[in-house]
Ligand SMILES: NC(=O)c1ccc[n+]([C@@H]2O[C@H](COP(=O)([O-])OP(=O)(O)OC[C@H]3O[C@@H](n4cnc5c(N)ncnc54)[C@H](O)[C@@H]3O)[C@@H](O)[C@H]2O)c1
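Below you will find one chain, with nothing else, as structure tokens; this is the form predicted on its own, and questions on how it binds or moves follow later.
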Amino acid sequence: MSHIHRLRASLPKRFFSNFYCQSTKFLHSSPLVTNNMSSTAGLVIPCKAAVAWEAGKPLVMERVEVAPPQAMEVRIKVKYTSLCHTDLFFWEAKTQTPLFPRIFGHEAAGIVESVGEGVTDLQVGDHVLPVFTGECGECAHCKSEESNMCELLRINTERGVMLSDGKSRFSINGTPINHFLGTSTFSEYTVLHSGCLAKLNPKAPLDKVCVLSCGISTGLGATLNVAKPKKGSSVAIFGLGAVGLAAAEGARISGASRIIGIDLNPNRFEEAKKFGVTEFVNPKDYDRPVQEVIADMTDGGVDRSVECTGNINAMISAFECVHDGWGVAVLVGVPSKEAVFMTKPINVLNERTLKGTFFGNYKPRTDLPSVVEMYMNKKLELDKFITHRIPFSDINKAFDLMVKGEGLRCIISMED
């Protein structure tokens, strides 16, 4: 008997069992094997997912089956996810047609587990950000340098299935579970169209950059890509939630000398200082329109404004508070479909500019990697957006925090 066989015979069987498990764990996580075919490719993967069965009711942790990716699809292992107000809005389902059961979630970061037919720009092991909107690369919007509103993969809140075959990749005992925004990241594994994934620097910490999938990039891009304030300029930010503070972060990065935060909640003012906000205005403290207050503060109006509430009155104020001749106002917040924006035509004729933006004018696949690099190069500060961390099993606590208006972003670890 060889010395190897003698050693094996002298050790308990559980040693080899533990060694095998640890070795398998290493192989699945090691970059040495990430370019090989995943061991689960082509198979249905059972995993945990937080399923919303009814509007406004706590999510239920279920064991779901996740089907393999089809043509132009990718299956990823979600490592970290976050809760965005859009998830909360459609979970409450107060003003839209409910679609349940459903797996919510769209701010996240993960690792590619397998790819479907036709996917050539992503491979097993790639680190990615799933995004609620996409970039097919072929439509007129994708080919335009001015637009990021892909015709094929533009946000669709009412679709609960995949584009390729009109079916869900999630099921419980054969019953389909609806997708959300083509992402559904409140699941340990999820399937997306390949055009809705941005490939990342593998050194980027996934538990930080996951917040760039939606709100933070939206606010940041609204300032950097659309408002484009010059160094030393003045910027007014309407709404100091996560998106508004991201817009303020963009103003800080741009070198704005005055960043004026406008919000009805005075408790947000102290926190906003961390994001470069220099002055604060609460409209409730005045008996006249806040745009007049801001104009008086800034000798005729601010150079740029960014509106992040979706409130029509705030939108009007954001437009009317910019300086004539060169002022630019950018609308980020989403109002109700019936809302009407009204202002005097002279405000436009006097060379004020009104713009809208979608996802900060970022093309997901093309532009998000560079936003991640801004963080890696310490130009963009992400850590201050992250106020809470919880394990996946406590995901309902994240909803409670958001309903109460506590914190900015809650990171949910899928493996805790």
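Note that this is a predicted model, so its numbers are computed, not measured. Start at 1 with the first residue shown and count on from there. We call the rigid core the largest set of C-alpha positions that still match within 1.5 Å between the two forms.
Unshown form predicted together with this ligand; subsequent notes refer to it.
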Quick check on this chain: which one of Gly239, Gly250, Gly110, Gly105 has a heavy atom within 4.5 Å of this ligand in the predicted complex?
Gly239
Given that this ligand is left out here, which of Ser254, Thr218, Ser194, Ser234 has a heavy atom within 4.5 Å of it in the predicted complex?
Thr218
Of the listed stretches (291-299, 328-336, 73-81, 271-279), which one has a non-hydrogen atom within 4.5 Å of this ligand in the predicted complex?
328-336
My question is simply whether His85 lines the interface with this ligand in the predicted complex - judged by any non-hydrogen atom within 4.5 Å.
yes
Decide whether Ile395 counts as a contact residue for this ligand in the predicted complex under a heavy atom distance cut-off of 4.5 Å.
no
So, Phe180 and this ligand: in the predicted complex, are they within 4.5 Å at any heavy atom pair?
no
Leu163 versus this ligand, in the predicted complex: is there a non-hydrogen atom within 4.5 Å?
no
Run the contact test on Glu135, Asn225 and Lys355 with a 4.5 Å heavy atom cut-off to this ligand in the predicted complex and return yes or no.
no
What are the residues of 305-320, in order along the chain, with a heavy atom within 4.5 Å of this ligand in the predicted complex?
Cys308, Thr309, Gly310, Asn311, Ala314
Once the core is aligned, please say if the CA of Ala109 is shifted by at least 2 angstroms between this form and the one not shown.
no
Per-residue C-alpha change between this form and the one not shown, Gly356, threshold 2 Å, rigid core fit:
yes
Relative to the superposed rigid core, does Pro205 relocate between this form and the one not shown - that is, does its Cα move 2 Å or more?
no
